[in-house]
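This document opens with one chain alone, in structure tokens, the form predicted on its own.
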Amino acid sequence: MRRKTTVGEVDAEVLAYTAGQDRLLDAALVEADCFGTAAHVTMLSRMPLRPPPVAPADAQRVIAELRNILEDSTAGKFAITLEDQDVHLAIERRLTEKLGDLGKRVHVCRSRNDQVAVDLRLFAKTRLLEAASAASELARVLVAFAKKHAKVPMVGRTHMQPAMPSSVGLWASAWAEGLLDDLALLTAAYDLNNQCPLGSAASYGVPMPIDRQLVSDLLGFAKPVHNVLHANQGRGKMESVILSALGQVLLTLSRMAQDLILFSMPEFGYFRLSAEFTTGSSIMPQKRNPDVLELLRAKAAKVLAHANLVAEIVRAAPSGYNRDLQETKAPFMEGFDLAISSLRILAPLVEGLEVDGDALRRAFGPEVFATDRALELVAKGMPFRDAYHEVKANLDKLTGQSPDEALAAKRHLGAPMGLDFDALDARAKEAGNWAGRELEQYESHRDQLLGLKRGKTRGAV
């Protein structure tokens, strides 16, 4: 049995196999495809040909119908059928149904290859900004938590064994600074992604005077991808880069989650999780399980695996477009969902975290002060290795040490009493402001090109 599609008749089983999940996943790309199509037809209407492939008035008719598609998509009334295969042909079908031959002109000088490339870059722009904003907010929550509990002693550990005097402030702000480093990776991924591939067509350009710079400007990209072959075969690798950056964020979150699971155990009792972030047992009435944190560890593993999966899919691909790339879309989209939801769930969890100062102080055994004692001897003139062995031979004499006094002595840059919380908060705030400015710029270009009213939901006209 054969099924009729926009690009010809296809065997039904082959169509189902090759379409895969695209008609479901592409629901997330309707806005991006309408945005890209609006830029493309605007460029076609300004092409230095007489007549141009699309007349200026006709370009506006196309854009008006694209607004209708957005409205229908927002209302759940725009369907991508199996015969459409993907969002690109679904929109072309709709334009042709409503505008006749004009709808058939929209695809001139364009391939689905560069359509999906630009759609995914536009999609990634907004999702990266969501991730950056959420990471910024979590970093600020961690800094506030650290500042509030800056003077609460906490045993520092190496190999999970008691090591040296530390503080809750040092512990919490370490995760905040880790997120700030991760934000630098997200920003770098954003900058790489912020290049327009549209106009590369099937990877080799077209024999017509298209204006790729105009399209890039209309869409709000920093610049076009220069080489048209690279514009298309950068797909896959770009997704892997972005997923890798998200993976680093999740590495930070997963390690923090592991600490919170351990340190909220009754055997430690340093922290107490708010009841709303724990779940019960089906058989044990007393249980309050840290399921949110356990799931976060698993989600981190999935994001890291998705980055590797996408890289493996494109690892042996030859130059030019290859259909293998279709299989990168699902892990790419899921990676964003996993990362952003994890960032957002942790912010209120940390805000509601209770600190048990008494339990933290009880954890200080005499051995925790061994290194501090050796350095006291060094300050009096003893060579460090001699001081080390002196303390090691007399560990039983390490008594009467105060965790608070030990913290008070650590005042150098970055030590428990030398932390610059305001500087960390300023970095996090600036990252959030940057994400807000970039999102505002994206929405401004989108709304101007598509004729959308500002302040309305997407699809409003």
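Start at 1 and count along the sequence shown; that's the residue number. Not measured: the values here are computed from a predicted model.
Just so you know, the form predicted together with a small molecule exists too; it's not on screen, but the next bit is about it.
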property	result
Non-hydrogen atom within 4.5 angstroms of the small molecule in the predicted bound form for each of 22, 113 and 235	yes
The small molecule: the contacting residue among 326, 274, 187, 74 in the predicted bound form [heavy atom, 4.5 Å]	326
Contacting member of 137, 86, 92, 259, with respect to the small molecule in the predicted bound form [4.5 Å, heavy atom]	86
Segment that reaches the small molecule in the predicted bound form - one of 315-323, 140-148, 153-161, 250-258, heavy atoms within 4.5 Å	315-323
